[in-house]
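Taking the form predicted on its own, here's one chain by itself in structure tokens.
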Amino acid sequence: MELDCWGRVRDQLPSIIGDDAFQNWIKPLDLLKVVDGVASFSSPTSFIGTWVNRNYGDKIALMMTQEGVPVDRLHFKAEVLVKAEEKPSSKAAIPAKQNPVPTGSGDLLGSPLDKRYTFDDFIVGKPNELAHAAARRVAKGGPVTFNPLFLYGGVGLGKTHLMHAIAWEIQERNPKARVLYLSAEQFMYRFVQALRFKDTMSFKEIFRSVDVLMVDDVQFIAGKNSTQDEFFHTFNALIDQNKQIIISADRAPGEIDGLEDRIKSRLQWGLVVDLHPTDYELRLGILQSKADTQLKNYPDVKLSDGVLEFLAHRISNNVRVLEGALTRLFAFASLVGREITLDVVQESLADILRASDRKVTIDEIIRKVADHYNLRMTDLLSPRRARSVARPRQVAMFLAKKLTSKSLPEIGRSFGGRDHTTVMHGVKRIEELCSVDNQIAEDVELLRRMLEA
């Protein structure tokens, strides 16, 4: 009766808490018994049990009571403590595991993988060909000469797509491989929870028992000293075991402000690959591939010549925005029964086209200016006042004022927390120099064209 009750509750939980939360937290649990209103469960680690009790305990107790088994509270035991006990078997219960640490990728409490993000769906061009080749090599498994693989670039350039593709490929080649993919924020959250509930050993067991660790957007642990310390030790432990690590960020390791030097050094041990902003040819190739799929989904919709070329030219900053625009176009055309022409594009994508007209970010400006003057991004954000650094910094501030809608205080904060009067002085100085110094004028014009291309 108790197991049947738990089976019914389990069947209802995905629709209440979501499939991802169910897979991560509820699926690994086994009901042991219900005695005097206390429902006892086994869990892979005490960390999981504590988290479930805190977030879903009252809900589960109420649902079990409503299903006919009165439950006042939940109690959890880590499996290492109960593995010698005989567990009741039932179709509703999950088979008992023999190890305290989960062994399958689905039990590792990582982020779910997107089925759309595979190598087959990744369009390769000059800006991303090295990153794609490195990702394919890592996904094949076996000895790899570069570990970790560090992918960096702006939003919507394919970092996350490649990481998901690596995970799918590894799991297809070796279903038993323990692949853990998650964001840096999730890594930090899990670590903080482990500290709070005094269960760091379970945390270490999970993260150091994987075959492949993939951490997305690692820049988010910058400045978080305790999390960085644990990340450092996890990194070293996995490297010592010859386990593969794949990391992504929005900038190169040496340019992540607030990241400890020892971690920057570790991240540069392997292969660091920059996913460059997409060029026109790559964007057009992506659109053509996505359009083929959309035409199959919307066989009644016709696509006029020149539409894809127009979109590839106008929406240049983010592939996700580009794909979203195409999806919206096909949905609009199908609903209103119209052919997708340039007039329809202008009508249905007016907001996206306006936003793309001058969608240059301060980070892009800093990166381009640093590259142009052969400096590091951190130099432009540093307190250094040498002319070789100060003048390029003023150029970057000038471009930020001209090419973005950011206010002077916002620009100042983006340049290492500088005051708005510093930005105002820098902008004015470059304006003056452009009229008397041909070299500065040429530099500014060249950088402006590169950023607006």
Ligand code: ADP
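Sequential numbering from 1, following the sequence displayed. Remember, it's a predicted structure, so these values are computed and weren't measured experimentally.
What follows is about the form predicted together with the ligand, which we do not show.
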Heavy atoms within 4.5 Å of the ligand in the predicted complex: which stretch in 369-377, 231-239, 292-300, 312-320 meets that? 312-320
Can you check whether residue 121 is within 4.5 Å of the ligand in the predicted complex, heavy atom basis? yes
Against the ligand in the predicted complex, would residue 177 count as a contact residue? Criterion: heavy atoms within 4.5 Å. no
Is the gap between residue 148 and the ligand in the predicted complex 4.5 Å or less for some heavy atom pair? no
Please run the contact check for residue 157 against the ligand in the predicted complex: heavy atoms, 4.5 angstroms, yes or no? yes
The listed residue (286, 263, 340, 194) that reaches within 4.5 Å of the ligand in the predicted complex by any heavy atom is 286
Name the single residue among 76, 117, 220, 330 that comes within 4.5 Å of the ligand in the predicted complex, judging by heavy atoms. 117
